[in-house]
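Shown next as C-alpha cells: one chain only, the form predicted on its own.
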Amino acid sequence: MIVEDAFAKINLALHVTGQRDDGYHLLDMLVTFARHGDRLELTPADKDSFEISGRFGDALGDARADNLVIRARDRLRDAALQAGADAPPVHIHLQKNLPIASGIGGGSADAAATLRGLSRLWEVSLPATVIDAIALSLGADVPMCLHSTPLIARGIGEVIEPVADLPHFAMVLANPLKGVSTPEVFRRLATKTNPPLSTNRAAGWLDAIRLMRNDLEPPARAMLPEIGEISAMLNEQGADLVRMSGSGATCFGLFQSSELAQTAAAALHRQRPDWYFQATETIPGANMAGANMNGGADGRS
C-alpha cells in the first residue's frame, strides 16, 4: 500500500492582476500548505476501484463518478502506457477530511496526491514536463499541490516559484460549511487589474503578509455574510492575522503557537459545533525546517 497526504492549500495572499482573452484570470498568489488534509491509500488490485470515507465523503455525492482522483489515475495511466510502462489496476481509498469546494484546494490536492502516489506504486518515472502537463490539465491548482511546499504562483497558477524562506505558522482553519460560487466571486470583482504581489519581507514575513490581500474576499463576503462572522470569531480568539483563502469560504487565523491555535479551535467549536474548525500548522520552506514557529516571535525569517 502507498499512502499519500493531500494537504490543504492555503492562499496567504491572492492578487487578481488581469484577465486573459480566454476568460482566465491572472493571479499572483503566496501559497502554503497545512499539515491537515485528505489522505489517499493506493493498493494493487484485480480491477480498478474507488472508495471514499471521512467526515466529508458523503458530501461528494454524484461527484464520486467523475472525481479528480479518477481523472488523475486515468491520465497518468495513459501517459505511462504510452511510455511503455505498466499501470495495472489499483484500489484507491480517499479519506475526505476537508470541506468540499471550500477554497483550500481539496480536490486539487487529491489529484496531485494521486499522481504522486501512483507514480510510486507503478514505479513510473515520467519527465517532469509530462507530469506537470497532466497536473495542469486537471486544474490550475493541481501543479501547486504537486509541490505541497511554500511557493509563489503566477499566471493562472502554472508559473511556480518556491519560497524556501517562508516559516511555518500555527493556524486555525474555519469554514461555515456553506459554499460560494467561484465564477460568481470573480464576476463580482470591482476591478480585475489590481497591483501585483510584493515579496519585500525586510520587516519579517508576518508583516509582509499583512500588506498583501485576497482580492476575492470582498465579493465573497458580500455573497456569504458568514465569512465576515467567522473572521470576527478568529480575531476574537487573538489571531495575529485573519484572511480568507482562495475564493472561500474557508478563512484562516495565524497564531503565535500551536497551543494557542488548538485552544482557539476548541473554543470556536464550542461556539459553533455545526461549523468546521481545525487547528494545524503549515509546512515551512526548505530553508526553514528547523526554525521556530512563525520564524520567530515577530514572524521574521
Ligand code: C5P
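Everything numeric in this text was worked out from a predicted model, so none of it was measured. Numbering starts at 1 and runs along the sequence shown.
What follows is about the form predicted together with this ligand, which we do not show.
- This ligand in the model of the complex comes within 4.5 Å of no heavy atom belonging to P88.
- Proximity of P183 to this ligand in the model of the complex falls within the 4.5 Å heavy atom cutoff.
- At a distance threshold of 4.5 angstroms between non-hydrogen atoms, A34 is out of contact with this ligand in the model of the complex.
- Looking at L27, you'd find a heavy atom of it within 4.5 angstroms of this ligand in the model of the complex.
- Screening 199-207, 183-191, 123-131, 219-227 for residues having heavy atoms within 4.5 Å of this ligand in the model of the complex returns a single hit, 183-191.
- Proximity to this ligand in the model of the complex holds for none of L12, L151 and P162, with the criterion being a heavy atom within 4.5 Å.
- Of the candidates L177, A101, A83, A140, A140 is the one whose heavy atoms come within 4.5 Å of this ligand in the model of the complex; the others do not.
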